[in-house]
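Take a look at this one chain, the form predicted on its own, written out in structure tokens.
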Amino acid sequence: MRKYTHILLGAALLVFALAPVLIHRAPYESTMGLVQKIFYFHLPGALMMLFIALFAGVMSGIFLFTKKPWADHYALAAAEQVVLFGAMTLVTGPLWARKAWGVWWEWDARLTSSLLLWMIFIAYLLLRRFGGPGSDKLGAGMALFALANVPFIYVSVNYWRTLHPKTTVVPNLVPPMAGPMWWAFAGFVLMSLVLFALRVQQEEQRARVEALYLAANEG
């Protein structure tokens, strides 16, 4: 583990330690009460899923056009986090929805497209694990396809009737609610950077071992 990774990990732990206090002090939403506080985990998790999916798609595009191994390592590490934060989003969302909307799930534009994004990246990881030679390039194409879905997920609530509020809600949050939400988001960002650095380092070492193995067999 590199030195800067220790610093990021320490900062992330500090943020997560203070987050419950800030969330506890945040005011209750007038109609949903306590259950609304799932928002402080659900929304940051959803934002992380979208941002990291964008990053994975961009890195995959760079890999396809430049054949740089580091871009593929970055894309793979990011894809794993899309699945992680996507699972968090898809679990906390129904828990909140059941109380707020009276249903666990609704096949509206945002929910369906978010599930599609998550499933694409699960397929990406399965392909990379079991696809054999050429799976890196095919997986990069899948990540680019997923990239095109990200803007749709974000704007879908503005153009289709969904249970989700429009994108104008977050910028207009009152400070007592916005503060804890962005604090939690910062914690997820820091933890994401730690996991990303560790996973890229692991993938670089795997590539070196594989190259040495191939060189030994050729010799």
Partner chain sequence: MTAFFRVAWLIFRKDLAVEARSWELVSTTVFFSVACLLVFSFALINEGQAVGDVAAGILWVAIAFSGTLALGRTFERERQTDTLRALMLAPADRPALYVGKLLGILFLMLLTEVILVPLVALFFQAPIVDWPLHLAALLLAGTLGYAAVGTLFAAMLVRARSRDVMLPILLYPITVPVIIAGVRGTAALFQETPDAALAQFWLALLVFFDVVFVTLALWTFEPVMTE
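Residue numbers count along the first chain shown, from 1. Just so it is clear, the structure is predicted and the values come from calculations on it, not from any experiment.
In what follows, reference is made to the form predicted in complex with its partner chain, a form of this protein that is not presented.
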To test your reading of this chain, name the stretch in 187 to 195, 62 to 70, 45 to 53, 32 to 40 whose heavy atoms come within 4.5 Å of its partner chain in the predicted bound form. 62 to 70
Just to be sure I understand the contacts: of L90, A97, M142, V83, which is the one whose heavy atoms reach within 4.5 angstroms of its partner chain in the predicted bound form? M142
Please tell me whether the candidate spot formed by T5, A12 and V15 is one where all three residues come within 4.5 Å of its partner chain in the predicted bound form (heavy atoms). no
So in the predicted bound form, does A109 come within 4.5 Å of its partner chain, heavy atom to heavy atom? no
Indicate whether its partner chain has at least one heavy atom within 4.5 Å of a heavy atom of V155 in the predicted bound form. yes
Should Y28 be classed as touching its partner chain in the predicted bound form when contacts are defined as heavy atoms within 4.5 Å? no
Would G102 sit within 4.5 Å of its partner chain in the predicted bound form, counting heavy atoms only? no
Would you give me the residues of 105 to 120 that have any heavy atom within 4.5 Å of its partner chain in the predicted bound form, in order from first to last? L116, I120
Relative Cα spacing, Y154 and T112, in the predicted bound form - shift of 3 Å or more: closer
